[in-house]
Ligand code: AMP
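Coming up is one lone chain in structure tokens, specifically the form predicted on its own.
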Amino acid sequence: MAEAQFRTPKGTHDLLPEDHVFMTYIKKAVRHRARQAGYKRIETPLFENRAIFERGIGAHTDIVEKELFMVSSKHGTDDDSQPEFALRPEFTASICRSYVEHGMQQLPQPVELYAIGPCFRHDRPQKGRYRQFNQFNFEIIGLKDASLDAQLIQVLSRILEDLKILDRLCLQINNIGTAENRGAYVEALKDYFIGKERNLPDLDRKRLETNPLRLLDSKEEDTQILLKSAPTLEQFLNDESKAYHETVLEYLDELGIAYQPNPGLVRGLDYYTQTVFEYWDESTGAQNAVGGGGRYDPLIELLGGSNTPGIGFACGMERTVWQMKQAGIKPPNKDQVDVFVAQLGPEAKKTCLSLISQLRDSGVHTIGALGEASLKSQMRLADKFGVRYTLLLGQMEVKEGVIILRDMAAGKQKQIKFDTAVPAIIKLIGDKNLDTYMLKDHMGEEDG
């Protein structure tokens, strides 16, 4: 077998049919729960003005400093007023830009939106982390209420439960207060580390200067040891933030959602305020976090809108698929082939084309009229496809108006009239197993 001359770019992967089955299953669960809770689907461009991510996510976050995929125009310009574009590293900033641009504040509030699609981060590829990856996002914009925080978490919880992986995950939750609370805490953290900088790894020493809160979720052991004696964010929360958090937890208790309070959880984006949460792998913790989110009340204003509260979450679909595979979950596969139509000779081949078309239109997954191989070779191929039934048509059968129906599992076959082949197959498969639909019945059911 010749070695492939071209391969996927580093940090990307082909989504092969066997994994698409998982992706389709996840999307179905997402759409189902979204409709139940009144969310409407939105799609934003794959690339945006870079400033949207710098303002919203934060200029000194890892995403903006190291991970933005820049988009260069083929037709360069000397005009400095032309914006720089970047592939979206996440959905929230783009969705909030859309909320402002399209005047969604005029709609009944809150506006509930969800998105499914690819995002891009120029990060060092590693297990479960790709440069192009897929997410689904839920956002509630326009109203601040602790019950919305709990309801949003419940929607994600229900999706993970539908996918049969909720019991593998643990909800981590924290309140990081207001921007003022965090500002005061950051100053205290900087004061604490005066004289201790030399004990910090290089990356964390830089974070201390640019984004000290990121020290809290540092993976470096030396940093974590130093943090044990450092002031905590909780000490700087105002009474309003503490009360808000208690109310969120009360609502989660009311909904029967298990959680683990985590004072060290801050999440890496500047726009977060108050509630933050993540779903961690029970066995490996944050290393294999599946998704998370939080409240981002300042974001709309940062992007040029009025003071508008919001909360949302993002869930990584590749990581969700990995968890499903680890749990042994096998989503239903509707791509199986039901019938193989084998033929021999030009007349048989021509005759069976309309038969294949009728079977497909009736909702039977059918392939056939392939090549010029012998019947024996075609039967072997039918076996490899795993079909339940094979229809065999040769020159003699065409003349006599008959066809041979073979049950592949039983290894038995019989001759039937050609005109009865379609109803005979439908009866064997069963009406409820036919893949039929009307376009109007499937509005909103797309797999994209």
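A quick note: this is a predicted structure, and the numbers were derived from the prediction, not measured. All residue numbers refer to positions in the sequence shown, first residue = 1.
Quick note: we don't show the form predicted together with this ligand, though the next part is all about it.
This chain is displayed alone, yet in the predicted complex one of Ser98, Gln135, Ser157, Thr273 has a heavy atom within 4.5 Å of this ligand; that residue is Gln135. Proximity to this ligand in the predicted complex, defined as a heavy atom within 4.5 Å, holds among Phe193, Tyr185, Tyr114, Tyr130 only for Tyr130. The candidate spot formed by Lys27, Arg31 and Pro331 is out of contact with this ligand in the predicted complex: none of the three has a heavy atom within 4.5 Å. Heavy atoms within 4.5 Å of this ligand in the predicted complex are found in exactly one of 220-228, 99-107, 337-345, 309-317, that being 309-317. Residue contact with this ligand in the predicted complex: Val290 places a heavy atom within 4.5 Å of it. Although the partner is absent here, Arg267 is a contact residue: one of its heavy atoms lies within 4.5 angstroms of this ligand in the predicted complex. Within 4.5 Å of any heavy atom of this ligand in the predicted complex lies no heavy atom of His365. For Arg207, no non-hydrogen atom is located within 4.5 Å of this ligand in the predicted complex, even though that partner is not displayed.
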